[in-house]
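Just the one chain here, laid out as structure tokens, in the form predicted alone.
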């Protein structure tokens, strides 16, 4: 059975995917992010809405579907998240 992922870990995975995994400069589709994050459509929809409203992701309409790209603020957040996550791991804590 897989390891339980916190909301923070899922957000980190989504931001990392939109930063690292895209060959398409138009951004990631919801379907692509669902597959990469391995979560339901309704859950990822709520998370994406929050990330866009917080300025961590940019939403664009491309060929009739929403696509998502990481923003500069999202890059800064992701860097801080990785730093803190490593720090917490050094103390045996899960975030």
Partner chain sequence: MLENILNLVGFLVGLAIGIMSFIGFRNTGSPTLFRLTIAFFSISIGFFVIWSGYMLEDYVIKSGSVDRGIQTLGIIIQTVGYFFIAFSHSIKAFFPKSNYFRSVGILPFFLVSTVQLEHIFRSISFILLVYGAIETILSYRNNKNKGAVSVALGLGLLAFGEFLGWYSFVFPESILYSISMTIKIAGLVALFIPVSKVPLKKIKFDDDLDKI
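Here the structure is a predicted model, which means the values were calculated and not measured. Residue numbers count along the first chain shown, from 1.
FYI, the form predicted together with the partner chain isn't displayed, but the following is about it.
K.L.:
May I ask you to state whether residue 76 is within 4.5 Å of the partner chain in the model of the complex, using heavy atom distances?
P.N.:
Close contact exists here: in the model of the complex, residue 76 approaches the partner chain to within 4.5 Å, heavy atoms only.
K.L.:
Residue 51: heavy atom within 4.5 Å of the partner chain in the model of the complex?
P.N.:
Yes, residue 51 sits close enough to the partner chain in the model of the complex that at least one of its heavy atoms falls within 4.5 Å.
K.L.:
Would you check, heavy atoms only and a 4.5 Å threshold, whether residue 56 touches the partner chain in the model of the complex?
P.N.:
Judged by the heavy-atom cut-off of 4.5 Å, residue 56 is in contact with the partner chain in the model of the complex.
K.L.:
Between the partner chain and 11, 80 and 93, in the model of the complex, does every residue show a non-hydrogen atom at 4.5 Å or closer?
P.N.:
Judged in the model of the complex, 11, 80 and 93 all sit within 4.5 Å of the partner chain.
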